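Just one chain follows, in the form predicted on its own, and it is written as structure tokens.
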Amino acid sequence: MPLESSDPESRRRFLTGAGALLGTAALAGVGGRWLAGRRGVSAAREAVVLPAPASPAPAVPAGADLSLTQLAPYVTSNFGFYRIDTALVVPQVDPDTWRLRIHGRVRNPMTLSFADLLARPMVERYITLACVSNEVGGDLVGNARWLGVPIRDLLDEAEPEDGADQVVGRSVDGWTCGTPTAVLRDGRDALLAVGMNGEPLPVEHGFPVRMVVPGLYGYVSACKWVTELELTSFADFDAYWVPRGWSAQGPIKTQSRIDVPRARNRLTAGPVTVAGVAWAQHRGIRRVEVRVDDGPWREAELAPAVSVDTWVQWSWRWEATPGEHRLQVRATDATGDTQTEWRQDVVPDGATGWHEVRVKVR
């Protein structure tokens, strides 16, 4: 049919088809450029040689990992580490052109290249990260060995002005998080991380540089693909999630989880190992307790941990009897604060409540 046809339906079919073809071509072009960028950044990542840490991570103590089937390992693999972000397409950032600006309400603005960062003394630490959207008993939490530059040192050089109580981390794609300046300077191992479990950051986890801050949920601290640290105040700027109903500040709440047994497991009457993980980053876990069917709380045995900035595995021996049972767990942090039974949703500042598992014993 000729293009100049006056048939409206034919014209709509032609325009729709042409639009679909153009859209497909455009997507193919974008996809091709993204794949080319991915290949280039992957090659650049493979070429990165991480420096030896000036302050190596403490050794993982013997017995920190109970090595039980279904129990989360003490150190989470890069592949198995949870990923939560707003990036529809993973940013592909060339380390050769990457720059970090430290600016805003500072006396000495700074700009650093990736080479500048790698030339600085590196700190290596095991740190557990958790997402504020992790529900009670959820798996949006993981522990890894991070290598990076202390953010405190950079802020000391930049010299924040009085009243600059917020550091806004800004990603290459414009996403922002707001971290209390005081937390980044209080002595904890807040890092601009370049390494994860002995290798350069995976692209999906923020290569070439991301923020890692123990004790804070990721939405206020864990900026991936970070390109700016802007000193401002909470009164003057709301980071990405705050206008969407989340709290401006997000300290991690004490949490515990039962990994073993699980509801689908078939249990036999007699000795059963109940085990899981608990975390209260930058405070540490003092005690974990388990109870069966609203009975008395029984104290579990805590495995050793590297530091208060990581989670801890726990276990308890249960003499299981036939029937249906409910197992519950709660943890107490090093300040003496015990998890509340009150169930709260993840909004606005993290879930609360005791994790429970219902099992059948034959």
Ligand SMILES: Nc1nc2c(c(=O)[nH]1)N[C@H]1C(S)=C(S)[C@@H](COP(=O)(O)O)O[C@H]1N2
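Only a predicted model underlies this, so the values are computations on that prediction, with no experimental measurement involved. Sequential numbering from 1, following the sequence displayed.
The discussion below concerns the form predicted in complex with this ligand, not included here.
In the model of the complex, no heavy atom of residue 122 sits within 4.5 Å of this ligand. For the chain shown alone, residue 86 is a contact residue for this ligand in the model of the complex, at least one non-hydrogen atom being within 4.5 angstroms.
The closest non-hydrogen atom of residue 105 lies beyond 4.5 Å of this ligand in the model of the complex.
In the model of the complex, none of the heavy atoms of residue 126 sits within 4.5 Å of a heavy atom of this ligand. The single contact residue among 139, 161, 94, 173, judged by any heavy atom lying within 4.5 Å of this ligand in the model of the complex, is 173.
Checking 277, 194, 285, 130 for any heavy atom within 4.5 Å of this ligand in the model of the complex turns up a single hit: 130. In short, of 219-227, 256-264, 243-251, 110-118 it is 219-227 that has heavy atoms within 4.5 Å of this ligand in the model of the complex.
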